[in-house]
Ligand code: GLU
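The chain below stands alone, shown as structure tokens; this is the form predicted alone.
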């Protein structure tokens, strides 16, 4: 009889879940002591090999699981495994400053310190499912919903089995493209859930003998596959504070400052939230994706979109009111993407920024340009810390170099294979 295994991992700089596994019988001890891992494991490229690392071969760390992140993962043969997400610690028990999940935790604390607020959010995840044929007229259609068979219902059941509340499953705009969303939760929980949902998409598709691909572009001229992050601000009393009917675009003063901080930081943010070369094949005019760093009201072509609410009581409208960040895809670690988003917004609140203070500029045209902005940004260095900032730059510049000679078609194929 097979013994169930447990995997402890994190969503790393490549946005992939990596770590180590062990028998479930050892879980209680591993929750206390974690699994050993080396610093350079963080520098594993999307393609597998370590292309560059500032850490060398020396040193050891502990990847310590958070018991609250327990998730049941369908295995390819129909069995089940367990996944726990965790944090990197040094051998003395202190947090390693290069931990992706730790970066998000620091951003959450920073926002709380400057404003007394927290972010609630939900990730919309688009993907392409190979288990249906590509057909004309499929976007948002009943036909596309029907042809996926039991995949969607199996995915929703798998999400719910991980104590995550599903919100929707639908056929999307692109060929064979679908979207799954879950209910909003506080930021750290939302990022953990985003990591798990991505893995469930891949796992449930694999069990059916197919693939669930989250790469940002399947073909250079096709429809992009994004990860949209919906967020709102809440006070310590558990009340939503994003909406002010008398504010600019319905935003409260603090929400306006938070959004303005994100817009101001967008050129550098792109290097974290759209962090792969094919990400920029998606961020083009005419692709229902952002190409400028702007805020739009009910506009899906904007980098940030103020979302609609269903009319109801003022309390219900305030709880629904949120802003959507659309310059992200699944090559980004949810921890890094959301952490930097929150840190940029917190800086906007700290400095009392207004939307009139920031201009909508074109987004970077490629990852190299985005990395130049990231390197030059003192604010971005603050999000990461100086050493982590330098390591991230090294990691992403090596990735760019690795694929620099590929045609756009070959580039898409490379990332489709991985994501």
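All values reported here derive from a predicted model rather than from experimental measurement. Numbering follows the first chain given and starts at 1.
What comes next is about the form predicted together with ligand GLU, which does not appear here.
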Residue stretch of 89-97, 339-347, 124-132, 161-169 approaching ligand GLU in the model of the complex, non-hydrogen atom distance within 4.5 Å: 124-132
228, 292, 147, 202 - the one with a heavy atom within 4.5 Å of ligand GLU in the model of the complex: 228
Contact residue in the model of the complex, chosen from 264, 101, 326, 198 - any heavy atom within 4.5 Å of ligand GLU: 326
Contact check for 106, 120 and 192 against ligand GLU in the model of the complex, heavy atom at 4.5 Å: no
4.5 angstroms heavy atom contact with ligand GLU in the model of the complex for residue 176: no
Partner proximity in the model of the complex: residue 224 to ligand GLU, non-hydrogen atom cutoff 4.5 Å: yes
Partner contact for residue 287 in the model of the complex: ligand GLU, 4.5 angstroms, heavy atom: yes
Residue 300 within 4.5 Å of ligand GLU in the model of the complex, heavy atoms: yes
